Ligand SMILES: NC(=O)c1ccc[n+]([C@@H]2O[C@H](COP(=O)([O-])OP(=O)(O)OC[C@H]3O[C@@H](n4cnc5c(N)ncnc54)[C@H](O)[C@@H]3O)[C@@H](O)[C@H]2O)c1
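Only one chain comes next, encoded as structure tokens, the form predicted on its own.
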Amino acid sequence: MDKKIRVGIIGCGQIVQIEHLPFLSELPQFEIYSLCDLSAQVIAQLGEKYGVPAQRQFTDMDKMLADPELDAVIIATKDHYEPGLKAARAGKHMLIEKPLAYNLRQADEIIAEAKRSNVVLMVGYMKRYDPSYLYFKEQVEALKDVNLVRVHDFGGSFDFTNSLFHIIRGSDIPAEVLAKGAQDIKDAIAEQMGPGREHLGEAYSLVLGLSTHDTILMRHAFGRPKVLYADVHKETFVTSVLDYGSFRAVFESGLVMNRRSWDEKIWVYAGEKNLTLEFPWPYLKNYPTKLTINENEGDSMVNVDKVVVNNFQESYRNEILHFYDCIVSGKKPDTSGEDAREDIQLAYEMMCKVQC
């Protein structure tokens, strides 16, 4: 904690306002040094709220990144490709919200630039730093006979977010700028999908945008699977069967925006016990992830459920502290750029197994 990291934000939307800025403001390891967003209205209000002077409020990220006093950035734009490349070339440490990129070429370019500049490249998978997940992972590693794993992520509308949090939104971004940003993402996805598979772009985007939180948890707990089967139904429902050699995993993901719903779980069925990890709605701060362990009681055949609440630490806060540790100690992040690339690859392999 002797070194205070001067951090800038590129993209000051919902996730930054709800999670990153409040935690950065309370952690003595960081100084909220500069803000950048397409909306001058947003950064003016956030600058006043968090004490960022007008000369360090930007709508042009090139000008922000040119500041030699800036140590690191959190990138939370919709498309992370251009900001990631530019931040790496400017020599800034980076915490990039997931997904790292929308195709493998873009991911490889960001990773290569970060290596060239010798900066930390960490990707924002906050659930990887959830205390209950870490305990769950220890339990998984001790199992001798896993038979089946099921990874399930069903999301719904976040429309009640505005009633829980005050989100500052700008009305000053030109429509053509927003349209170009959306088209850039669409083009990047189409490049990865290839000819004849463009119709799978929405499902691929869903896996990267929503369920990549679960693919990384699955990979870190069980390893890298082989995709045996995948299907896309109604554009936003993805089902895949994965081969882990000694067991199979079923991956399920879906999205229905006309109803408020959050159903995210990982089940592990093993000879000695079953594990169920259940995640809460992600914006409920300090609300614990619940782990249920089902096993026999002692040497009997009496079956019992033990519910474990590890602690009330906030995973976003733990993630930011890990970012700090990587900057000051030189260690590789648990969610590195190379690691995040694996989730893009896995999502693509799922789409390749869909019968067209």
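Keep in mind the model is a prediction, meaning the values are calculated, not measured. A residue's number is simply how far along the shown sequence it sits, counting from 1.
This protein has a second form, the form predicted in complex with this ligand, left out of what is shown; the following refers to that one.
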Query raised in the report: Would this ligand be touched by all three of P225, A249 and I266 in the model of the complex, meaning a heavy atom each within 4.5 Å?
Result: no
Query raised in the report: Taking this ligand in the model of the complex as the reference, which of R260, R219, K78, K180 has a non-hydrogen atom within 4.5 Å?
Result: K78
Requested in this report: Please pick, from A188, L206, A72, I173, the one residue with any non-hydrogen atom lying within 4.5 angstroms of this ligand in the model of the complex.
Outcome: I173
Query raised in the report: Heavy atoms within 4.5 Å of this ligand in the model of the complex: which of the stretches 327-335, 298-306, 31-39, 49-57 has them?
Result: 31-39
Requested in this report: Examine Y283 and determine whether its closest non-hydrogen atom to this ligand in the model of the complex is within 4.5 angstroms.
Outcome: yes
Requested in this report: State yes or no: in the model of the complex, is some non-hydrogen atom of E97 no more than 4.5 angstroms from a non-hydrogen atom of this ligand?
Outcome: yes
Query raised in the report: Does this ligand get within 4.5 angstroms of any non-hydrogen atom of G84 in the model of the complex?
Result: no
Report task. With heavy atoms only and a cut-off of 4.5 Å, decide whether I344 touches this ligand in the model of the complex. Result -> no
Query - Sequence-ordered list of residues in 119-147 near this ligand in the model of the complex, where near means a heavy atom within 4.5 Å - result: G124, M126
